[in-house]
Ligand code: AMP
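Only one chain is included here, represented as C-alpha cells and corresponding to the form predicted on its own.
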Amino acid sequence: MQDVCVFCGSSEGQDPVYMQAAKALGEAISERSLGLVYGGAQVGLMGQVADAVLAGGEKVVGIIPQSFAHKVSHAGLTQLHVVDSMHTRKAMMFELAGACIALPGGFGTLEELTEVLTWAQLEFHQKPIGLLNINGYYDALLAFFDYAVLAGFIKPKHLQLLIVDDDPTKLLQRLQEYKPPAQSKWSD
C-alpha cells in the first residue's frame, strides 16, 4: 500500500470535527510516507485532507472531471488529472491506489464507497476498504448494512470487507495489516 484513495465531501459539513478529521487523516497518511489519491478539489474535506498530506511532504494526485475542474481544482497538487467523466475519475482513483478510505460526504462519497465494496464482494479486487466513522456519521449506514444481512441481501462475511474505525491512525494501521477474507459472493 503506497497510495491511499480517499473519498470524501467537497463540503465542510456543519460540525468542525469533520474538517479536523480530514486534516488528521492527511497527517496520518503523510506520517506513514503514503501518497494520496483523491478527487482533486481544493474545497471542503477534500481540500483539507490534500493540504495535510502536502504539508507532510508527500505526493498528492488529484483526479477531477473537466466539467468542474475550472471551478474547484486544487492548484498545489503534485499531479492533477483532468478527465472526461465521473466514471473515468473513479476508475482512475481506484487504479492508482492500494487502499480506499471514505470520510464523511454526500451522495458521491456514498456511491464511491459502495462501488468499491461491490467490486470487492464480486472479487474484482482485494484492496482494503476503510470507513472513517467520525462522530457517528456512518452509524445509520452501518445499521442499514446489518439490516440488509438480516433481510438476506448481504452475506455476513461480506461485512468483513469494510474496516471501520473512528481514529485515522488506527484505521490506517488496520488497512496496512489487512488480509482479504477467503470468500465468494456465490457460496456460503
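Quick note: we count residues from 1 along the sequence shown, nothing fancier. All of these numbers come straight from a predicted model, not from anything done at the bench.
Not on display, but discussed next: the form predicted in complex with the ligand.
For the chain shown alone, F68 is a contact residue for the ligand in the predicted bound form, at least one non-hydrogen atom being within 4.5 angstroms.
Contact annotation: G106 falls within 4.5 Å of the ligand in the predicted bound form, judged by heavy atom distances. Contact check for C100: no non-hydrogen atom falls within 4.5 Å of the ligand in the predicted bound form. Heavy atoms of M46 reach within 4.5 Å of the ligand in the predicted bound form, making it an interface residue. Segments offered: 116 to 124, 146 to 154, 34 to 42, 54 to 62. Contacting the ligand in the predicted bound form at heavy atom distances within 4.5 Å is 34 to 42.
In summary, among the residues V72, L77, L96, V83, the only one with a non-hydrogen atom within 4.5 Å of the ligand in the predicted bound form is V72. For the candidate set S11, T169, Q176, Q20, a heavy atom within 4.5 Å of the ligand in the predicted bound form is found for exactly one residue, namely S11.
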